[in-house]
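Only one chain comes next, encoded as structure tokens, the form predicted on its own.
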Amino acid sequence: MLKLQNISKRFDDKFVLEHINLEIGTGEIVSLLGPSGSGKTTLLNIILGLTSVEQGKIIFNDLDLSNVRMKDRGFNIVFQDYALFPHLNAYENIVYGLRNKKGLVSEEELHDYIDFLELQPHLTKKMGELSGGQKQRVALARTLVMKPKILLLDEPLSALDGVIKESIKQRIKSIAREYKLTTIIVTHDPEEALTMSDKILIINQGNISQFGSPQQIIDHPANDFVKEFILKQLEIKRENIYHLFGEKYA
């Protein structure tokens, strides 16, 4: 379990996060949702260890990681732009991080990840030969082979659309279920959060507006900001929401 206890952070004497308290269970998919500048990416970077915590604690499986370096936390991130190496092929990108981690995964495990993400036909292709969805799957495979304790995703669907976007949504959900992998997603899109997550943390101006399941947030928005931010999107994206929440919201 991941626990954030009273997390606060300032930049230039301005609080971007204030008194964030949160518990995420093993294997849960949690979206950090909010408008641009709300503090969600800062919170993701604090969990990763890329940004230092100013106040509060990060507890993972009863260990205090607040002052533990990023490389020693065992959390891994898939960045918004995938951060793949264009001069390497798909297979070389996937195994790149294993160069200094000999024995971390067996050949059988490595190919299980490749097969799970249906990347076998694309292993010898360079990045310029892959679609956006294929690049996203390569980035996911590269992260999974490192056996992360928590998977962090920064706007994983922002560069995708249509069928590819829906396919990657299902892949992410399948990864969390198959590997019991706690997954934290940053998104500004309420429809993505509602259709992908077990729970959603809605952040506004550095504060928690609501934390709960998609159904709880839809049925019982905690305040006017949540109601406006979520329900306006429901009006825009009725079709996808209908499949999850029924006729009431269509």
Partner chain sequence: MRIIYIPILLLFAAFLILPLGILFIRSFETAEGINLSNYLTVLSDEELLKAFGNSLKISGLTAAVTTTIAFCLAYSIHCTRIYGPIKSIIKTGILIPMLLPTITFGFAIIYSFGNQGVITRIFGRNLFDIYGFTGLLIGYVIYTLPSAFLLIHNSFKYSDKKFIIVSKLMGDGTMRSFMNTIIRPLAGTLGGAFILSFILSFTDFGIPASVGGTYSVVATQLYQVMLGSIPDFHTGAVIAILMLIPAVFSVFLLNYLDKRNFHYEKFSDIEMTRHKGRDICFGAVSLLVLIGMVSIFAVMFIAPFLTSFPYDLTFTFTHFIDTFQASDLTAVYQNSLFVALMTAVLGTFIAFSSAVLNVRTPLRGKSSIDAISMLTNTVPGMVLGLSYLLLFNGSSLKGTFAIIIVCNMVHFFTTPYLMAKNALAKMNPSWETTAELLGDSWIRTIQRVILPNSASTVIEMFSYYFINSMVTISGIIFLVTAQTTLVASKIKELQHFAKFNEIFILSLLIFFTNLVVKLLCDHYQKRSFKH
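Numbering follows the first chain given and starts at 1. As the structure is a prediction and not an experimental result, all values here were calculated from the model.
One more form of this protein, predicted in complex with its partner chain, exists but is not displayed; see below.
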Heavy atoms within 4.5 Å of its partner chain in the predicted bound form: does Arg177 have any? no
Partner contact for Pro86 in the predicted bound form: its partner chain, 4.5 angstroms, heavy atom: yes
Ile168 near its partner chain in the predicted bound form, any heavy atom under 4.5 Å? no
Examine Asp81 and determine whether its closest non-hydrogen atom to its partner chain in the predicted bound form is within 4.5 angstroms. yes
Even though its partner chain is not shown here, does it sit in the predicted bound form so that Leu48, Asn76 and Arg99 each have a heavy atom within 4.5 Å? yes
What is the one choice in Ala159, Leu110, Ile164, Met146 with a heavy atom within 4.5 Å of its partner chain in the predicted bound form? Met146
Tell me, please, which stretch of 30 to 38, 207 to 215, 64 to 72, 183 to 191 lies within 4.5 angstroms of its partner chain in the predicted bound form when heavy atoms are compared? 64 to 72
Pick out the residues of 126 to 154 whose heavy atoms come within 4.5 Å of its partner chain in the predicted bound form. Lys126, Arg142, Met146
